[in-house]
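Only one chain comes next, encoded as structure tokens, the form predicted on its own.
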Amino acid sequence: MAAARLSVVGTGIRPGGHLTLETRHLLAGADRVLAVVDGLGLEHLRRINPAAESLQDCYRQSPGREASYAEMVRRILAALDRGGHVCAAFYGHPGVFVWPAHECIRQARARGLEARLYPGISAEDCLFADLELDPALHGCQSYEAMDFFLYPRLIDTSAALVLWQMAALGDVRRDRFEADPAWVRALAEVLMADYPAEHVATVYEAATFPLSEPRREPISLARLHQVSFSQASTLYLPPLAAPRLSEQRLARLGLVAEDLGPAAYRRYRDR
């Protein structure tokens, strides 16, 4: 058997439909596939590679997410010890909010083995499409919700704000999967220091099946504590106002607002 190497891939948000050609190739050619999927997702992977095994039972075998993630890492590295090409597959993008993926790569490389992370379709990709959001238009700030709450950030209200993993808000011990209402209310109060109470956010959840629709529930910040958040929930806040051009920075280059074209000048004039 060939020397051990690890490929870490993402299955995307929708089972089967979001697999890239690169990921399919890696899955098909692997000696062993360990995937954090079950149900239809696992069936689809087994059509590509019959050796695919599910790691979903790690959640049932170990109490709390930390222990579950550690068990995933242990089993992937154990497969790697047997040699050959091991492909570890995670939901969505394997490098986005997937600690076990990064830890497997770190430990494999510490052993002197080849390990590589490959891109997949993430919930962020789906959010940009479903909300028709172009992050290049006004910019986009992106934070894990609990991290955002605990570590004060300077918010640019002229850019979009995306807060991930809302269901984990207040999960200090990392052993539950629902948001603490007190934390949600406190988060809303933090946001209302920069946004008006009536500013409308969107609770977003990507569609996980081809015929299903994404969740796009508008809610004012003042009422944020009244909505439910699932493990798939993301909070999107649109820009409050357009950004302002800097006369000083334009002057450094010998420019005026009109030199930037009609759209940029109109934003500058109407500030």
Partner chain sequence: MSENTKKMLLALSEDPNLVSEYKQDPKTVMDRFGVPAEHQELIGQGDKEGLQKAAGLDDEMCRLIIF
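Numbering follows the first chain given and starts at 1. Keep in mind it's a predicted model, so treat the numbers as computed, not measured.
One more form of this protein, predicted in complex with the partner chain, exists but is not displayed; see below.
Asker: Using a 4.5 Å cut on heavy atoms, which of Q61, S212, Q231, S246 is close to the partner chain in the predicted complex?
Answerer: Here the answer is residue option S212.
Asker: I need to confirm a contact call. Of R32, H44, R65, H225, which residue comes within 4.5 Å of the partner chain in the predicted complex, counting heavy atoms only?
Answerer: The residue from R32, H44, R65, H225 that makes the contact is H44.
Asker: Report yes if any heavy atom of R24 sits within 4.5 Å of a heavy atom of the partner chain in the predicted complex; otherwise report no.
Answerer: The answer is yes: R24 has a heavy atom within 4.5 Å of the partner chain.
Asker: Does E53 reach the partner chain in the predicted complex if we count a contact as any heavy atom within 4.5 Å?
Answerer: So E53 does not count as contacting the partner chain.
Asker: Is G39 close enough to touch the partner chain in the predicted complex, meaning at least one heavy atom pair within 4.5 Å?
Answerer: Answer yes; at least one heavy atom of G39 falls within 4.5 Å of the partner chain in the predicted complex.
Asker: When the contact criterion is heavy atoms within 4.5 Å, does G12 count as touching the partner chain in the predicted complex?
Answerer: Result no; G12 lies far from the partner chain in the predicted complex.
Asker: Among 65-73, 236-244, 217-225, 203-211, which stretch sits within 4.5 Å of the partner chain in the predicted complex, heavy atoms only?
Answerer: Among the listed stretches, the partner-contacting one is 203-211.
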